[in-house]
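Below, in structure tokens: the form predicted on its own, a single chain.
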């Protein structure tokens, strides 16, 4: 399991409006493409600079493909990264702050200590 890779996915997708829409419309395809093409790229480096060993676990892939922010939180994905991406994808389908409140309610089963989000 790599919290770094989960957070990298959330970060890079959230910062590209086209990827946000792609992930909203085709989560499974976007996750597969991103894992093959982007996961091992080093951010802010020459494209030729890549690692070769990073990949999602089956549990991480499932959570990303299903837009399951509760599972992502449990896996240690940073809640701010998840929330900002999911707001970009789903807030338009809800009234003001409705999505944020529903997001928080869905996490009610978690109590202190919260999952470790350190990478």
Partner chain sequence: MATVAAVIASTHHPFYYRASTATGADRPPFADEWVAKIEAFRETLTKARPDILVMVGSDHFHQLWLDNMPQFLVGKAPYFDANWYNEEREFGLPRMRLAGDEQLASHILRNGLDAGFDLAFSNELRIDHSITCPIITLRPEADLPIVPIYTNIFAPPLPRPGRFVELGRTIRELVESWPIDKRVAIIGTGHLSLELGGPRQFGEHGPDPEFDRKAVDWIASGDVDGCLSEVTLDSLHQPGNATHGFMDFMLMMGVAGAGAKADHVDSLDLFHTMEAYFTWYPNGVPA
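Quantities reported herein were computed from a predicted structural model and do not represent experimental measurements. Numbering follows the first chain given and starts at 1.
The same protein also has a form predicted together with the partner chain, omitted here; what follows describes it.
Undergrad: Would you kindly say which of 81, 75, 31, 39 lies with a heavy atom within 4.5 Å of the partner chain in the model of the complex?
TA: It is 81 that has a heavy atom within 4.5 Å of the partner.
Undergrad: Verify the contact flag for residue 27: yes if a non-hydrogen atom of it lies within 4.5 Å of a non-hydrogen atom of the partner chain in the model of the complex, no if not.
TA: No.
Undergrad: Give a yes/no on whether residue 71 approaches the partner chain to within 4.5 Å in the model of the complex, heavy atoms considered.
TA: It does not: once the partner chain is placed as it appears in the model of the complex, residue 71 has no heavy atom within 4.5 Å of it.
Undergrad: Give a yes/no on whether residue 54 approaches the partner chain to within 4.5 Å in the model of the complex, heavy atoms considered.
TA: Residue 54: no contact with the partner chain in the model of the complex.
Undergrad: Given that the partner is absent here, does residue 95 sit within 4.5 Å of the partner chain in the model of the complex, heavy atoms only?
TA: Judged by the heavy-atom cut-off of 4.5 Å, residue 95 is well away from the partner chain in the model of the complex.
Undergrad: Can you tell me which bits of 83 to 112 touch the partner chain in the model of the complex, meaning any heavy atom within 4.5 Å?
TA: Counting only heavy atoms within 4.5 Å of the partner chain in the model of the complex, the contacting residues of 83 to 112 are 83, 84, 87, 88, 97, 100, 101, 103, 104, 107, 108, 110, 112.
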